[in-house]
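Read the single chain below, which is given as structure tokens and is the form predicted alone.
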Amino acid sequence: MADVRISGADLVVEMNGFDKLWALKSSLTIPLANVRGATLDPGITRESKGIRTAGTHWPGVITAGSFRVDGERVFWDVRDPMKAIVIELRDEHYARLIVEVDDPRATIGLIEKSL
């Protein structure tokens, strides 16, 4: 699970607990100018993850880390697909961040209000 917050002009995503180990990353900081939007999409976990370049993937258990699909880099940190949100980015290392958060609707509202 990840915590998502706004810090000044940046979107900050911090992985919690062992997710730092599974994802091989503790946090991501993205300028809000490079955030295109956020959506709730529990079905995205059924889509192809592509090729794992770093991290962990146990189908049906956890997807965490960096993946490459259709020429794009995607960062995952999801165990419970019902709490997964998709954060679309532009001009960043990752094209999308797919992360599990405690309250998906509130987190999406926070991101959309900040854009």
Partner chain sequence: MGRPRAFDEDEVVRDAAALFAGRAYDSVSVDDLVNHLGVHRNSLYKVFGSKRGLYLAALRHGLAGEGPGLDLLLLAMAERAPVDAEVAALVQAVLHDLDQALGSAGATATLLGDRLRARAAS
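Positions refer to the first chain, counted from 1. Values in this document were obtained by computation on a predicted structure and should not be read as measured data.
The form predicted together with its partner chain exists for this protein as well; it is not shown, and the discussion that follows is about that form.
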| said: Contact check in the predicted complex: 46, 88 and 96 versus its partner chain, with a cutoff of 4.5 Å between any heavy atoms. Do all three pass? | reply: yes
| message | Under a 4.5 Å heavy atom criterion, is residue 36 part of the interface with its partner chain in the predicted complex? | response | yes
| field | Non-hydrogen atom contact residue 41 with its partner chain in the predicted complex at 4.5 angstroms | value | yes
| query | Is there any non-hydrogen atom of residue 32 lying within 4.5 Å of its partner chain in the predicted complex? | reply | no
| task | Find out whether any non-hydrogen atom of residue 54 is located within 4.5 angstroms of its partner chain in the predicted complex, and reply yes or no. | result | no
| field | Stretch 1-25 - residues with a heavy atom within 4.5 Å of its partner chain in the predicted complex | value | none
